[in-house]
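As a starting point, one isolated chain is supplied in structure tokens, in the form predicted alone.
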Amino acid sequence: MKCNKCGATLTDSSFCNNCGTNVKIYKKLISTSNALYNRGLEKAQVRDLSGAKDDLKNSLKVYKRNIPARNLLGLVYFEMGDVVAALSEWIVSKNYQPEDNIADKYIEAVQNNAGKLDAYNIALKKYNQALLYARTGSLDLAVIQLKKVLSIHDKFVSAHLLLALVAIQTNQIELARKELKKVLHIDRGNVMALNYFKETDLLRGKSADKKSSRISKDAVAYTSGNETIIQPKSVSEGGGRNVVLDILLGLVIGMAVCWFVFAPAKIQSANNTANQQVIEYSDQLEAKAATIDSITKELETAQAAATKAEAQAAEVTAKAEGYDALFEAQKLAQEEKYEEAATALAKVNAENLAETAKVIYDEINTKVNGTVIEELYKKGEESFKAGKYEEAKADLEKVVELNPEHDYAQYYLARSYEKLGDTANAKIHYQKVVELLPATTQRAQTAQAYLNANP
């Protein structure tokens, strides 16, 4: 057992030998959690999954980092058909213990079987639809949907229970008992299934009482040897009443004959009408689907056109802003405000300019940047020689931004960073000096020496 504060191994003492924390209550919590886990494991081994689930959930309430309990709870959920809950527990377990955790294998086993995972998702959606049908009173539809769910995922305990409940509501007692037996085969301790079984027993008893009552009213029972014989009252009564009954029986048989002769044709006619209606509804649905598809495509086309128009508008706006910045730079250059002109010129994207505008841009750029660069470089060099390294760095950074090939600016900027103790940036600019200047020059040799000394 590890200390919850420092992670050191605990001894029999009530205090951690490493950090001195009182771990008496912590040990008690771990012990209680493990006891609940062991009890849940025992129940799971005899397929009392509901009981196991309750014990394991209580174990995790006491100590949420009980990894074996959380992994076993995931297995219990999976065995009961609740795949989502199972994956949730295993993912939480993996987050608490990323290494050496069997939950990895469980998650991988589920995720690698894409077909089965899709089937679980479909079953869950159909179950939710069936639940909605049941709540709104469409019990026949609920039964159909639940049978589809169980054909996809036969261990889905909740679906079996819901089908049993709907069957009880619709007086399909045998169907209900069949589903409840399946539940108890999966989960022997399912309290809800056991309660439903009691309900079906009661309903069976009432049905048997009604049947017995009908026999006693319509028949006469007597004993012959070891057998009890039930005889209709009409057999024991003779005379004119038998004649009347025979006539009525003849009429009933005649009507039945007429039914069996003429009814099939009527049924076939009704079936044909229903089939025709189904075909018409199918055609209408297909037409509506085609209309929706057409509208969807039109909407996609319109969205694409709108996106294209927005892009074109943004391009026009960018070009307009570029021309405005170019005219502003030209005006500032004429006033010999070269630094401000350079700032304005930086906002211009030359690729968006027409040929005549590009000529103007190149002229201004050559004049402005050349003047600005030299002024900034001069200021930066003077500041460096005066020991004002921060000011030198600021001016020289502007120079290399405007002209990265300015070797002298790169050199003094590297030296400024060196003086300021910024080795990383100094190395960047010394490397640039080595690339720009011949190896025989003093500045290149100084730069290389610095790089060699600071690998």
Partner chain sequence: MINFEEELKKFYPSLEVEQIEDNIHNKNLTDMVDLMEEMVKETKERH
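Positions refer to the first chain, counted from 1. Please read these numbers as outputs of a predicted model, since none were measured by experiment.
Beyond the structure shown, there is the form predicted in complex with its partner chain, which is absent from this document and is the topic of what follows.
One residue of 354, 84, 320, 305 in contact with its partner chain, assessed in the model of the complex (non-hydrogen atom, 4.5 angstroms): So the residue touching its partner chain in the model of the complex, by this definition, is 84.
Heavy atom within 4.5 Å of its partner chain in the model of the complex - residue from 152, 326, 186, 134: It is 134 that has a heavy atom within 4.5 Å of the partner.
Listed range touching its partner chain, judged in the model of the complex by heavy atoms within 4.5 Å, from 360 to 368, 97 to 105, 117 to 125, 338 to 346: Going by heavy atoms within 4.5 Å, the stretch is 117 to 125.
Residue 29 within 4.5 Å of its partner chain in the model of the complex, heavy atoms: Output for residue 29 is yes: heavy atoms within 4.5 Å of its partner chain.
Contact of residue 439 with its partner chain in the model of the complex (heavy atom, 4.5 Å): Flag for residue 439 set to no.
Residue contact check: residue 162 to its partner chain in the model of the complex, 4.5 Å heavy atom: Yes, contact at 4.5 Å.
Interface membership of residue 89, its partner chain in the model of the complex, 4.5 Å heavy atom rule: Judged by the heavy-atom cut-off of 4.5 Å, residue 89 is in contact with its partner chain in the model of the complex.
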